[in-house]
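Next comes just one chain, in structure tokens: the form predicted alone.
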């Protein structure tokens, strides 16, 4: 006898009830007792109210080994669909640790891959909430296939739509590679990421480590650089997502959101006269300069605790979203080392992918010297900065604040690498190397013969600065477009942004992609 419509609807509701209980009420309660939100609580807090639409909630794994045929949880440990954040559509997938530890099987991986692919087709950002023990051992190679499908989709989406990963629990083994392929990683304290766990590390090295020591939030936020943001709580992570998205377009064909401001674009930055010393050897905090330039001093710093001699992040000038790249004189005089090179190059390439103009603030003595840096490949890593700036076709505006020496001058958004507008403050020093070192090399023999080498050194230092190490010589040669008053910096950058708003660049027609030195 054929079932009635009521019976069929009742069956759908029964299935739905099973799907929204995850691994069961006991496991959900265990999750909450650990101080973690359950997967559906997370979606409720992150997305706009009543905006989430779930897909494939009846999907089941196909494995019959190790008793999995008796554990057919609807959804297979991951909730996928789309919703809205501040009114903008996003696709989202969220792993459910209460179901088989959030492990990735074939169905689990296929669901995530399809979600990313749908986000590409819709031209909207995709957000992944990670809480997984890694590939599902019980499914063998099928689990590895599921992981591979996710990675493939992540790469297809790269540079097409923004991808944001939030690490809310364990993200172990193969599962950790998906966030690493995405644009931004936010990790909550108490969560962790690693490829091989503490037991494997001990077996291989004899060293005992905790989860936090191996791959906790502080490690990835300050040592490895895997995480772009570290948050104290899950709720704070969701706030970061909302703020980050406010600077980003939905896809690579759109411009970033414009947000009107009451902050005058011609506001004078006279406070910087006190912030920035004229002596290039004296440090200052470049973040004070950044915040002075940006609308209402609002700056979302990326990688705040990693490679601190460089500062990168997002802000607005006159309502327009910009990416800020700056040397930090307060840390190692703003020198560019291996980590800073990777930090800058990665950020520049992201901005270029998503039509975000790049504003570069320069104050660096050069690339970091030393055996460790040379053996670690500072040549190769420094070349990434050169490559990223030269490759970028978005509007590029550079302000040389003080020191700009040697290869670092070239790398940090110089006209030589295709920057559109380059300004310099009167305090700028542009030269092959610092005046002090240059004078000691150029006049070494004369000083050795002099009866007063120190007086000769000071005289030659003054001459060198007058001839070479100043912005006026560079401006005379056409390498600087304008030497500007520090107080006029915000207005000058805004004018350049509006001038370049219609910039178009032609790419080589037969090139698949560049070969950045990795």
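Positions refer to the first chain, counted from 1. Only a predicted model underlies this, so the values are computations on that prediction, with no experimental measurement involved.
The same protein also exists as the form predicted in complex with a small molecule; that form is not shown, yet it is the one meant from here on.
Contact annotation: of the candidates 136, 228, 111, 396, the single residue with a non-hydrogen atom within 4.5 angstroms of the small molecule in the model of the complex is 136. Only one of 284, 152, 74, 211 comes within 4.5 Å of the small molecule in the model of the complex through a heavy atom, and that residue is 211.
Of the stretches 285-293, 260-268, 182-190, 97-105, only 97-105 has residues with a heavy atom within 4.5 Å of the small molecule in the model of the complex. The shortest heavy atom separation between residue 392 and the small molecule in the model of the complex exceeds 4.5 Å. Proximity of residue 177 to the small molecule in the model of the complex: non-hydrogen atoms within 4.5 Å are present.
When contacts are judged by a 4.5 Å heavy atom cut-off, residue 27 counts as touching the small molecule in the model of the complex. Interface membership of residue 82, defined by any non-hydrogen atom within 4.5 Å of the small molecule in the model of the complex, is ruled out.
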